[in-house]
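One chain comes next, on its own, written out as structure tokens in the form predicted alone.
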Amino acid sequence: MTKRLVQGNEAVFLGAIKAGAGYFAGYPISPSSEILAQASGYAAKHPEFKFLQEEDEIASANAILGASLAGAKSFTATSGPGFSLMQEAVGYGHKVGIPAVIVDVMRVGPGTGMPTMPGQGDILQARYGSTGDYTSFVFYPSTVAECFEYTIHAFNAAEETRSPVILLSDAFLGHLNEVVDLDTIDVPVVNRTLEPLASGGTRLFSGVATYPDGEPATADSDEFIRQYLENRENRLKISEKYAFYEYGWNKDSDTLVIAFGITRRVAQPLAPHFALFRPIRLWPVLGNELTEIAARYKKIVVIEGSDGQYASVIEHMLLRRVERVPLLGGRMSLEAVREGLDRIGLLPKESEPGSATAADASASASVA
């Protein structure tokens, strides 16, 4: 066991290798480019690992789908603008049933936005970015060690659901360096069971609605609905194995804070004053878990790096008012959190001397 300094983006790449990834295709874009650089350097020393720098993100997303169909566990890494370009491939991957992992290291948008500043504005895009209805799996870690751990889970979920799975990060988390011992993180790896192309038989990989035998079903609503519901129920069943969240801080408070990714860490000094629910699996939303926990609290406040994207989801799911503290323009700071809480009348008084510190409060946190 060896502790060493590891960057968040590096941990993602190492997690992918641990999960059995054999192919990376990507296009450099801040703040995810370190993952591409790691893949390039690794491929130079390990010929069995294939690396391709594509001309853009559209080509990258389609390349990893092709590589996956050919038998390789594959992944790419990008940020918001590139993730937008990948959405057609995401939908195709869901339609055809192709396991792959897309890492989105978020920055401030829309458009080119603020390339070096952290944001969380891709939350809804990660779920609804492509056309039509499909069931997305999306994970969002908060530490460098978790970047490693949940990358492995993302690959496992991709294999089990046979669909593209999204791993979210952000500019701060991706560039964060922490001393970790990755050897102590033990996540069983799900092996590939999907037969590769050219393995015999006739197979059709069409984005058009088809019957199981490959014949077009573009005018058969009943068959479309049957296939959609079958896939949805299967993926929701699988999601029960990935119901990851953290519930902790001051559970006796009357206010529940919901924060995820880097905002959970930014808000850490508030631990003596609030309870915390941190969803790690953002999609499918942790409805049962959050509904049970939220019922214990008079107030709920969502702290996030967007203008209420996840807060709107929580409010709709719980059918109750949810307060919002948006951290916009890359202002991921405790000062910005305090200003937001003050605006909605929830800024707590500072802890009295001798009271529990934030670190003491967080020590009791439980992770499911």
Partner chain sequence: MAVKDKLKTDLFPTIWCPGCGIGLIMQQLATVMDEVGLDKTNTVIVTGIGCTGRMGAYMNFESVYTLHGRTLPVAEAIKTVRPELNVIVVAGDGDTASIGGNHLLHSIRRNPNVTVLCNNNEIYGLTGGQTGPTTPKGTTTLSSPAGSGFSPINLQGLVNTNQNAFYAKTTVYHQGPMRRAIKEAIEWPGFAFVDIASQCIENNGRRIGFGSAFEMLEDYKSSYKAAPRGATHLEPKQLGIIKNEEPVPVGAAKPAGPSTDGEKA
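Residue numbers count along the first chain shown, from 1. Predicted, not measured: the structure shown is a model, and the values here were computed from it.
Another form exists, predicted together with its partner chain; not displayed. Remarks below refer to it.
Highlighted residues 30, 55 and 207: every one comes within 4.5 Å of its partner chain in the predicted complex, counting any heavy atom.
Of the candidate stretches 316-324, 332-340, 37-45, 296-304, only 37-45 has residues with heavy atoms within 4.5 Å of its partner chain in the predicted complex. In summary, among the residues 244, 247, 172, 92, the only one with a non-hydrogen atom within 4.5 Å of its partner chain in the predicted complex is 92.
The single contact residue among 288, 221, 193, 199, judged by any heavy atom lying within 4.5 Å of its partner chain in the predicted complex, is 199. Among residues of the shown chain, residue 226 is not one whose heavy atoms approach its partner chain to within 4.5 Å in the predicted complex. Residue contact check for residue 311: none of its heavy atoms lie within 4.5 Å of its partner chain in the predicted complex. The shortest heavy atom separation between residue 70 and its partner chain in the predicted complex is within 4.5 Å. Among heavy atoms of residue 97, none comes within 4.5 Å of its partner chain in the predicted complex.
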